[in-house]
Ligand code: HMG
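The chain that follows stands alone, in the form predicted alone, written as structure tokens.
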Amino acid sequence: MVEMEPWEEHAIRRPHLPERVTVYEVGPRDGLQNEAETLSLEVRAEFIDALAEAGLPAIEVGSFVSPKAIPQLADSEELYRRIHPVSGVRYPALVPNLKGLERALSVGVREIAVFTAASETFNRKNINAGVDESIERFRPVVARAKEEKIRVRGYVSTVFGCPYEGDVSPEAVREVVHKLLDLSVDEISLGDTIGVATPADVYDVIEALYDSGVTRGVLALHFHDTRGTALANVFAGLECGVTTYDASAGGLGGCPYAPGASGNLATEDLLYMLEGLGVATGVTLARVVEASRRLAESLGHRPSGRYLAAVWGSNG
């Protein structure tokens, strides 16, 4: 038996992490839809263009739901006409039904997202439909999108907990994910809608999905930082091999149908951690900071991101 040196017994072995990840920016849609004030088209278009110039590869621009449901995004068609697309950047939109899809197609949208939940009660509160009913509603949406060769993402909310039902089991998540995969969606974003997840929960859900045959490349993770665990949960996701993470510039956003759900994981916070870990993103952190700074001037308040608070505080 070979004896180890004392220092070798305590050597830290770093986990194997992905070399590169995709940061999927949701601020212009998921963030701004939660602001009380509707910003002008000019301000939102400039914000999106600045995020694209920062190197973000996917920026969720708007939503084609009923204007009565989300009045802040009622002019998404015109917003798409105002932005200046950057080659290689994806500009997805949220689409609830065929009518919304046709509106999106009319302005050249080439990637859409549909949305359901792992909790029956939350889904009814959110979109007035049960989980199975919601999936049947957008079955023709996905089919039409595929005819147009449009990429489709599926959002699953309340993966780690529901504001109405409490705990959500990995088995319930697995069932919804497989129903989405049966529709041939390209990517599934697992959402911690009320920000209750811990790394152990992330391991449990991802393990359950992998064990059921879900492949790594199809999953994305969407965390809220309600209880300060979002970055820890990202690290757990990295350990599980997940390579796409949703984030919102400045930490804007929450969920109007989830009481107490504070902001999304801030893009700046995520980028800072990933840079420190040596995980490449292709995004320039300083440019995202500047985009958030300019947006804050229009909002009239500072977003909740912690990196921004540190940088702006040090600059007076």
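These figures come from a predicted structure and were not determined experimentally. In case it trips you up, residue 1 is the first one in the sequence shown, and so on.
Although it is not shown, the form predicted in complex with this ligand is what the next lines describe.
When you look in the predicted bound form, the only residue of N126, S134, N233, T244 with a non-hydrogen atom within 4.5 Å of this ligand is N126. A single residue from the set L285, A69, L277, A45 has any heavy atom within 4.5 angstroms of this ligand in the predicted bound form; that residue is A69.
With a 4.5 Å cutoff on heavy atoms, K146 does not count as touching this ligand in the predicted bound form; it lies far away. This ligand is not shown here, but in the predicted bound form it comes within 4.5 Å of a heavy atom of K99.
Heavy atoms of Y80 never reach within 4.5 Å of this ligand in the predicted bound form, leaving it off the interface.
For the chain shown alone, Y155 is a contact residue for this ligand in the predicted bound form, at least one non-hydrogen atom being within 4.5 angstroms. The stretch in contact with this ligand in the predicted bound form, judged by heavy atoms within 4.5 Å, is 185-193, chosen from 85-93, 185-193, 168-176, 201-209. Heavy atoms closer than or equal to 4.5 Å to this ligand in the predicted bound form belong, across 216-232, to the residues H222, H224, ordered by sequence position.
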